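Same chain, two versions here, written out as structure tokens and called structure 1 and structure 2.
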Structure 1
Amino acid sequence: MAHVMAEGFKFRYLKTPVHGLDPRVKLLMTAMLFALALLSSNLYQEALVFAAVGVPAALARSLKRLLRIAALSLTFSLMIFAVNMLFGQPLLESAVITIRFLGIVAATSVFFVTTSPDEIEYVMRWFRLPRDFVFAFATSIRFVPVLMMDLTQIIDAQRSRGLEMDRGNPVRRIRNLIPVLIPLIVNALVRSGELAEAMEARGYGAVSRPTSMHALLMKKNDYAALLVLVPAWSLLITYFLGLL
């Protein structure tokens, strides 16, 4: 189970025109889609939002992944829907609000589906976020699969000692987590201790403003993308705001 999740967390790099864009362009595009999704106020506009999200997703050959993410948030969407109905919103209103939520999820996902953690780190550096913060972000993402492997191995070890995790009443089940969580935490602490040593040994914190080997550089296709994105978005947003 755990390694399936670890797989899911792994970003997959595909060679598509969208993946190849400068991460700042992808961020801008996502922000634009986000704004559209947020401002959509009827089913017709929402259909347009999904179309707008669908184009880059399709170009990035990631429609299926996006749909899967949307499906994951469906339960939450249904809750939103139910709550709205409960508070006496008319059916149509509730549907619009729920679909708007789905649109926002889809728009945001475009960024995470097409941008590697590595590129996200670059953008963070470009925004000059504090080094410690960027580093903490990078290592925590980098160690998700490592800790997932730890978790698999711990569960395997304890099951081999007769632990049946999903047996017994709820209290017992929570107690069953102890033999798994304690080694997991201990291992994470050991790892972070070694990590701290390795950082120190490689001069972390030597200068207040560390440099970067890579600089983000806008290429031709990035400008081309902006040339399409900005006018298209301006048109849609004026329409959404009712100014057209």
Structure 2
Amino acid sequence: MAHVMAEGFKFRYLKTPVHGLDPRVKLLMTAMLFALALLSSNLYQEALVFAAVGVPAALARSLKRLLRIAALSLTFSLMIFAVNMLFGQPLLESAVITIRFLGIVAATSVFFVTTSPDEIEYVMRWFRLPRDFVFAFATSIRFVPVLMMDLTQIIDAQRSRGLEMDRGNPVRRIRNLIPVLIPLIVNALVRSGELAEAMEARGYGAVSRPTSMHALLMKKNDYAALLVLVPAWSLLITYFLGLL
């Protein structure tokens, strides 16, 4: 499971129309899809949301990755469904809320699946967010797959030494996680120390307003994408709000 999660967080560049778009356009597209998923109020509208998410995902050849991410969110989705049923919500309404959550996850995943950590950092700088916050966020995105791979290797190593993680009562299973969590935390602390030394060696913070070698520039494909996205989103949002 950890290996599957790590693969889901890894960014892979593919030569597709979506991957080649300006990250600001991809962020706008994700915001539009997120708004549609948030405003969906019935199964038909949610089907339209998944269809809208599926178009850029198919163009980016990332449908399998989105399905994998949705599968990882399935446990939490079932919890949402169970809680709604527990508080007396009708079956159909509980299903709508659960599917809406999956639509939100799928909509936001499109951006992270098709945008590299460097591009995310460029967008955050373009918004003139604090430099330390931008660096921390971009670094966390880069390190999540690494930590997940570390977790996979530690679990495999401990199981080869006889650790049984899937047996016993819940308290015993939690105790069995200690031999996994301690090496993982130690590895994270070692990496953070190495990162701090690398930042210091490169003079991080020596200049209050550092410049960047990369500048975000809109291309013809970006403007063409906007000409398609904005009218399509306007039409869908009008229908979702009941104005059509």
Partner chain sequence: MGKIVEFLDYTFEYSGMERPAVEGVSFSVEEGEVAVLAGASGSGKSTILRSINGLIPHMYPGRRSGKVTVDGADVSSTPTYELARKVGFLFQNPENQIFMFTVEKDVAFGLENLGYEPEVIRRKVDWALGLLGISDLAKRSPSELSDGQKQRVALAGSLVMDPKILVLDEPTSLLDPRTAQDVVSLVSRLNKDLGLTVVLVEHRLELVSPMADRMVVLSGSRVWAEGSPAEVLGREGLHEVGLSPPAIVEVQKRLPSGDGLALDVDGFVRRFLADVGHRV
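For clarity, every value in this text was computed on a predicted model and none was experimentally measured. Counting starts at 1 and follows the sequence of structure 1. Each form is matched to the other, and the largest set of C-alpha atoms that superpose within 1.5 Å is called the rigid core.
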I need to confirm something. Of structure 1 and structure 2, which is the form predicted on its own?
2
In whole degrees, what is the turn of the smaller rigid part against the larger between structure 1 and structure 2?
12
Taking the rigid core as fixed, quantify in angstrom how much the C-alpha of Leu177 shifts between structure 1 and structure 2.
6.8
